[in-house]
Ligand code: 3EB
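Heads up, the chain below is alone and in the form predicted alone; it's given as structure tokens.
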Amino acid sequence: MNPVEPSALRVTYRHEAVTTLLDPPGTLAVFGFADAATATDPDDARYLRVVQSALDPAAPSECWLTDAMVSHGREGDLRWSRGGGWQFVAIEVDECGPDDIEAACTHAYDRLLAHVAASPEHHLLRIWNYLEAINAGAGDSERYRRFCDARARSMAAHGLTRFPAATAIGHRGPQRRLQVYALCGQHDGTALENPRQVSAWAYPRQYGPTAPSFARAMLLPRGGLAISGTAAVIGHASSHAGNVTAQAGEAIANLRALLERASLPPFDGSSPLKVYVRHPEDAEAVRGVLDRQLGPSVPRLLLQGDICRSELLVEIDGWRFAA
């Protein structure tokens, strides 16, 4: 099948009822944010309740919208929706045994990557990973390092030659629940790196036997930038230990470097950001940094999230679309 010209993709934060958000024919995905599913969650493959606790009392939903008709369905433990040259795909896996993150990751990635490879939208552009107790374990036994090992093995087995943009964040929701979801396209994007940082896949051995397998950002086929989880890392080292406001400012400096690398203007109302804060009591300080450095017009969603390095207190990912 020849790839179609992709329709426009938009990402917005909305406060309407989930059923209302799912009603338009071009809705590709809707995400809610809480610890666990509720009885009112719709039985719709396009809806995913993310196991990250919102730090705002009335958190919005995140909506992915296209200008094309969207179809959707399920294949066992995997859900998908597609339309206009884009695909949303997601899988949730519960670890079968104590601390069995590698087996859960292998199952999730093998299922997801096989599905994507067989799809018209076979280019993996952006992926999110949410795992419980991300920092548990000492040295190379840390759950995040073991997750990186399993992810890299699965990607290699499926022949990936270019890493997607990505986020990997720890949650405190259902024990041993792994959530993985992705944005794919019929057309490939362009992976970007940050000149202020060592590429994640080139980190030295001190961060684990397998370096993280992701690009710092992805230029999307129709324009716009999908930004990976970005923290206060300069070169390959964490900065500003113990200082959440300084870390938030450094993360924003890294985001700005990515915009400059992509030749995009500063963040504005078309740039929704997710901000993961390790300690909920730090949320107000982080909001202050966002207001001062980005301004109140930039949409942001604050979530409790454990960052992949235990000394890091805040991480930001998101999007930069044309106005």
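Values in this document were obtained by computation on a predicted structure and should not be read as measured data. One rule holds for the numbers: they count along the sequence shown, beginning at 1.
Form predicted in complex with this ligand: not shown, discussed below.
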- Item | Among the candidates Leu78, Leu192, Val233, Val93, the residue which, in the predicted bound form, approaches this ligand to within 4.5 Å (heavy atoms) | Val233
- Query: Taking this ligand in the predicted bound form as the reference, which of Thr167, Ser239, Thr106, Gln186 has a non-hydrogen atom within 4.5 Å?
  - Reply: Thr167
- Message: Given a 4.5 Å cut-off on heavy atoms, tell me which of 174-182, 241-249, 115-123, 212-220 is the interface stretch with this ligand in the predicted bound form.
- Response: 212-220
- May I ask whether Tyr144, Gly229 and Cys308 each come within 4.5 Å of this ligand in the predicted bound form, counting any non-hydrogen atom? yes
- Query: Would Phe163 show up as a contact with this ligand in the predicted bound form if we use heavy atoms at 4.5 Å?
  - Reply: no
